[in-house]
Ligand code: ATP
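Shown below, as structure tokens, is a lone chain in the form predicted alone; questions about how it binds or moves come after it.
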Amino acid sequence: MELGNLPIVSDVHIDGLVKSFGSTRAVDGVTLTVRSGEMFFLVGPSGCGKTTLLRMLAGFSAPDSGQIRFGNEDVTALAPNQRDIGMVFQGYALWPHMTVAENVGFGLKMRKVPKDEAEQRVMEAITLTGLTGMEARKPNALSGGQQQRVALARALVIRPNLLLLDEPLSNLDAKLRIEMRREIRRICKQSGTTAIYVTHDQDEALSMSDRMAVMNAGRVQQCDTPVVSYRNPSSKFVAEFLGEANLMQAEVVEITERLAKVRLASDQAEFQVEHAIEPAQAPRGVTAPLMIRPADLHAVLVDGASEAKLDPGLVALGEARVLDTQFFGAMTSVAVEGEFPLEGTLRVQSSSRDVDFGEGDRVRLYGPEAAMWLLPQDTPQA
């Protein structure tokens, strides 16, 4: 079932938004556009400014400078109740003395929607969120996931221009969080609502979003699709925030707009990788971080028979000693201590059936050119 008579939702424009608390600039000149019907994530570590940005979108906090527009309408100075926004909070905020149906219909009652229309809209929202048969229950008779569905139905029933979700799954256990990720995305997409979702959980952002803005220290580090953000991060911060990332120092031999020819040491072979560097910032001989995700790093025992089975297109990166292995069922994570030029601890993720070595074993590491990505050196923020 879909929610009827949804408003035509315009793009949300955030232009140069700034918010400071004392000497701390919580949001530092953020500019973003969220497209109509999009599921957009603000993701980053605690204190990065994502919740402050969400509060300004909701009208709970006024920016020091900058502008927020819904389509062509400037809403920067409007009160929360003038913005036509639905909110889903971390703590659900349900009325304990009201039934599910009464909680869902509360916003319609405040808006003085006619009774017949309100009842129809409540049932549409209850059906959409999978709460059919629970209309007469009180919140204390519901599971955490069911309470979250009630909060979502209550926010959607008013047919908002924009749905804001602030860490909505943080109170749920791991298995329920995974289930609710799928459900929240399904519900938002089926309702056609534009949604902006705040989280510090990389898995939520990667699995649910159409696009995401990765934030750090009040600024947007990268705004892109989950696949691009994960495979082609714009900085070391984004690479390391969105999952585990192995970083090696590579010497730039030659660079163009798209490809860089690099080597890990002067006596090793050169190979080509894509990059996120301005060519002018990477003259010949400069070193830069080379990223490869643990799932793309191949490890084989030195002098082992499995080495002969490797794809000939893989690049030999160096040797390492196994520190430990961690079994996760279908996948095993292996920590290795690299030898020059792979100095430091690296991670390898492989199918548990493919891991046949243990602590102390010496392994040789390989990676495909297409899975490696050259990053700019971090520069201090002004």
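Numbering starts at 1 and follows the sequence shown. Small disclaimer: the values here were computed from a predicted structure and weren't measured.
Keep in mind that the form predicted in complex with the named molecule is missing from the display, and what follows is about it.
Task: Single option in 183, 167, 224, 124 placed near the named molecule in the predicted bound form, where near means a heavy atom within 4.5 Å - done: The option sitting close enough to the partner is 167.
TODO: Tell me, out of 349, 51, 36, 325, which residue has a non-hydrogen atom within 4.5 angstroms of the named molecule in the predicted bound form.
DONE: Filtering the options by heavy-atom distance leaves 51.
- [ ] Flag residue 26 as yes or no: does it have a non-hydrogen atom within 4.5 angstroms of any non-hydrogen atom of the named molecule in the predicted bound form?
- [x] Yes, residue 26 is a contact residue.
Open item on the list: Even though the partner isn't displayed, in the predicted bound form is residue 344 close enough to the named molecule, meaning a heavy atom within 4.5 Å?
Closed with: Answer no; every heavy atom of residue 344 is more than 4.5 Å from the named molecule in the predicted bound form.
- [ ] Name the stretch, out of 40-48, 311-319, 66-74, 328-336, where some heavy atom lies within 4.5 Å of the named molecule in the predicted bound form.
- [x] Contact criterion met by 40-48 only.
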